[in-house]
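In structure tokens, the next block holds one chain alone, the form predicted alone.
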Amino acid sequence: MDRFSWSNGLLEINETLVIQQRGVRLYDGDDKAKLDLGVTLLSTHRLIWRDIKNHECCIAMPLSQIIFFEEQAAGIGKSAKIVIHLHPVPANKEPGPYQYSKYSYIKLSFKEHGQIEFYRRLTEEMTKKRWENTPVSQPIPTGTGSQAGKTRAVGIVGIERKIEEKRKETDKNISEAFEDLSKLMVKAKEMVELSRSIANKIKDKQGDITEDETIRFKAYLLSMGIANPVTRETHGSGTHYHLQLAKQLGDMLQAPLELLSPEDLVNACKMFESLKLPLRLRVFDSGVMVVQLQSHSEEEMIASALDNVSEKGSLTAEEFAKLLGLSVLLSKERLLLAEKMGHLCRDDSVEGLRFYPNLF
């Protein structure tokens, strides 16, 4: 316990709270510490303990003081504990509740459980050792009295500084993200223009291009879907653009290298039927949208769901998805459709949603 120093409990600059647990009693070795029950906080840099009743009673210890730790199982009338073995007391340690201890380890006794998750998070922090990469601010002498000592605090100025640093970092990340997106869009347009130029040269058979090279290169461009992509620059915007995009989607069901927004893609898919293309945009009752062949009938989907559920006795959406090789989301929609038509019934329990043949 002599490794702990008095603290105000405030997190310092570059320090982040990892987990906290109520109802923890401290042991100095095998002896109960002269402290009541409290809240133990694990940060990226320190182990902090605060008295539940007296919030001014707060102590902290650097994670760098820990050599290793182990679990101690609960027994009859005894709570589960984490035993933490410590390095010797450093020469420059600040004052704390104990000036001397005969033990080189402490125990955290968890009266309200939570020791498993706390042990896991402590293991992660001791493995990462983030305190080495992000040192906290320097100690600032504050307060007076036996429990005040020389605590490390950031105060209002430090908190405002930390908020400002996070804001600047967020702004920087957003700017870089938009910059990368802009570069990607420029690059995509360059590739589209390049493909058009090459395609036109091949079409006009300019330069020293053999017949075999022409055939191979055309096949290569077509396989990539960039022989003549539909873009807003070439086909304008609004309805005309969506009509042309729908035709292209109907032919290859994939977008070219030109970037598409989800809204443009949905609007184009809605025009499959008006263009009499062999594809249709199907919207389920839940709002899930899929593109399917016009020949794909609702009766076939229901029959497939009923056959598979009857054969297996019962199925979840995950099990049905594995059988058909579909996504879980689409498999669930098919099962719900069969249920809606009265062919299946459900059992919605804590184990999840399971479908059965409707025998009534």
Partner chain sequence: MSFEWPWQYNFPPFFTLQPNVDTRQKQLAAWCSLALSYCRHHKLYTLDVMEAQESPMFNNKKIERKLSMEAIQVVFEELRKKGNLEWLDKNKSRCLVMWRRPEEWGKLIYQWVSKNGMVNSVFTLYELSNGDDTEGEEFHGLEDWMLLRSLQALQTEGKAELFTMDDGKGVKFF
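Here the rigid core means the biggest group of C-alpha atoms that line up within 1.5 Å when the two forms are laid on top of each other. The model shown is predicted, which means the values in this text are computed figures rather than measured ones. Positions refer to the first chain, counted from 1.
We do not show the form predicted in complex with its partner chain, though everything after this point is about it.
By the criterion of a heavy atom within 4.5 Å, N358 is counted among the residues contacting its partner chain in the model of the complex. Within 4.5 Å of any heavy atom of its partner chain in the model of the complex lies no heavy atom of L11. The closest non-hydrogen atom of R22 lies beyond 4.5 Å of its partner chain in the model of the complex. Proximity of H113 to its partner chain in the model of the complex: non-hydrogen atoms within 4.5 Å are present. Heavy atoms within 4.5 Å of its partner chain in the model of the complex are found in exactly one of 73-81, 261-269, 279-287, 100-108, that being 73-81.
Along 324-360, these residues reach a heavy atom to within 4.5 Å of its partner chain in the model of the complex: E339, K340, M341, G342, C345, R346, D347, D348, S349, E351, Y356, P357, N358, L359, F360.
Superposition of the core reveals a Cα shift of less than 2 Å for E12 between this form and the one not shown. R25: CA moves less than 2 Å between this form and the one not shown after rigid-core fitting.
Annotation: Cα of L306 displaced by at least 2 Å between this form and the one not shown, core superposition.
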